[in-house]
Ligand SMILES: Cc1cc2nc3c(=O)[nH]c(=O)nc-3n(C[C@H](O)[C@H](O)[C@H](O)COP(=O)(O)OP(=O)(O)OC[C@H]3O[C@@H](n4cnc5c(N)ncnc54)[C@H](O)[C@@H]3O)c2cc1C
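In the block that follows, a single chain appears as structure tokens, in the form predicted on its own.
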């Protein structure tokens, strides 16, 4: 079953009607919104803000089963920079709390504009008085041979990139594959490419244009962006198209128009978007490229409006969030009567984004259009910087900033408001006063729009500060600045600091371990210990404001409680990730992967024979060797898990948890003629000792018998390298996944026993001091290697004995979850057949 983002267990929000007290009839008009994306939900928000809840009984149809989420941030979710829960704008509870009937997961088929009734795919009809179409857009899929299999289904391995489900599917595929092709070198394509690369995939971009982001950048800027993107390791193919997808069972590669073939496991199509207009077409409403609307956002039916990416206003379609939300404000003014003369006259679009790690800001035109236009360009290809402005009649009509966006606020004001330009045009691009950021902020006019998404001005931010908001976070909450695409957060922070004259309160939540408990990790741990809090619900009851439980905090608390209390911690099933509930890694089709423990990557013929027998018995679609030297049985149905574990007779390899995972080893001194130490045995000993211990994020280890590093110890959370004469180097904070980082040398020790002691001490220090989900490659630089050395090697804080003791407590608490829950499920539904009842697995059988 698809997890509902921002959902509530029952799936559909409850209804709230304002009944007439006399006869029990709802006297309000009926407002129906088709589309629960950013435009539709924003219309509802704006209507409610104007008191529209008393005027309208509001019903919202959303084709997706989720609450309303920030689609702009999907690339951040793909890149692992944001959790999907963090991009929810309005959960299903929000609709219920505001008396809005949300029909999530229900597609509207057509509108009977004469009867004023909406017909939905579930057979229901919903009457309306006023109707808003906000159906948005979908990915454009260009024609390619072999792209589809039967029934217009995309070939497995082909993805659009438009929804959270697209993103989830890409993340699941990225975890299993090595190479991806992205079709489209625009903003979305480059973001997809960078996101997939962050997951370790080799990525190639195929773009039909002659330069990247050709809708926003001129050829010179596009060439510099290509250079920056290629410097990241992403291959770019320009001026060519993908004509064929190599299959036939799933994506194996693509063929380009020039005949070249490229191998690939994934194909992501980000070749633009197209408005979703079928409902309007089926209802006889005028449609050209989009649904045609006038300045009141009204279609050719007087009671039907359209906003967002599906709407065509004065011949223009908008794909940015700022125009969409501007339309929502105008429409809410009209619907509620707040401003009966409100009108939308179009938007001047300006955007500032980070594309594949490169700062980009564009507005207006990107090149001169008349002989009299002034065109100023500063280009530094070596630094990846390209800046240009276009001036006409002393007004800024376009600007492009690539690789250096320090002047974007000033240029945006000049572009939006036509403010006078300096005689020295060079000042448009270069701050001759040496670019002091505070001077730039101070120079901004009070009515300068800082957040284009929400229309928040510098003045509004300053007023929030003057009104008592003392932190950046509180100002953002108060004004909504930075709550759209997020690209203005840096400028918002600068203005808050300037307005507060430096007296800015640090956002308290930034130091909290979990968002629902207002405590930093050390304080939280102390409170949990002193009060003897053993379960997440007990922690919420004792420490959360008002005792309120917070879903986003539960997983972090569960991990922390297991670390503090070991086997005495009380398990609560709703406070675990699905992977932790069933001790397997959920796959895209709802099946699970099973990875038995193979310590140090060393197995036996008997184990292999057992694994083979189990794979055949349960018709496992794929048996795969993992990068951690283990065997992954993929495509296992949830209900088969306990029996499979029993038949395997092997403990869990913890390939799914925020925990110690595995120790990779080389063959070491027993077999390798270069081996300087018995890396295999040390790896087995490390895995035996630390198996399954919880941590803020996963931990991967490796031991190698010489500096040739065949098991990649230098890029592990803890890596151990034999250097001869019985000595071992211990490295910490390495990474070779989405982030690449060579570990820092913590110490050189004289024995395997010393390696085990120091590794355990480091891991315990990490467990007790790292933020939730913070990997060691972020933790070590944040704390500082020298401090870590002082604490762990010199006992500068006098805590080494406690670290060793606490680690031993966790080791003593180890129980194999397969052996435990396989015999007696923790809950009656722990291994119940997944719904909906479809034939699983859906992945191809090899």
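Residue numbers count along the first chain shown, from 1. The shown structure was predicted, so the numbers you read here are calculated from the model rather than taken from an experiment.
What comes next is about the form predicted in complex with the named molecule, which is not displayed.
For the options 319, 368, 364, 200, the residue carrying a heavy atom within 4.5 angstroms of the named molecule in the model of the complex is 319.
Note on contacts: among 758, 89, 141, 106, the single residue with a heavy atom within 4.5 Å of the named molecule in the model of the complex is 106. Under a 4.5 angstroms non-hydrogen atom cutoff, the named molecule in the model of the complex has residue 63 among its neighbouring residues. In the model of the complex, no heavy atom of residue 169 sits within 4.5 Å of the named molecule.
Mapping the unseen interface onto this chain, residue 39 counts among the residues with a heavy atom inside 4.5 Å of the named molecule in the model of the complex.
Proximity of residue 72 to the named molecule in the model of the complex falls within the 4.5 Å heavy atom cutoff.
For the named molecule in the model of the complex, the listed stretch (595 to 603, 307 to 315, 210 to 218, 762 to 770) containing residues with heavy atoms inside 4.5 Å is 307 to 315. Shown here without the named molecule, the chain has 188, 191 in 172 to 206 lying with a heavy atom within 4.5 Å of that partner in the model of the complex.
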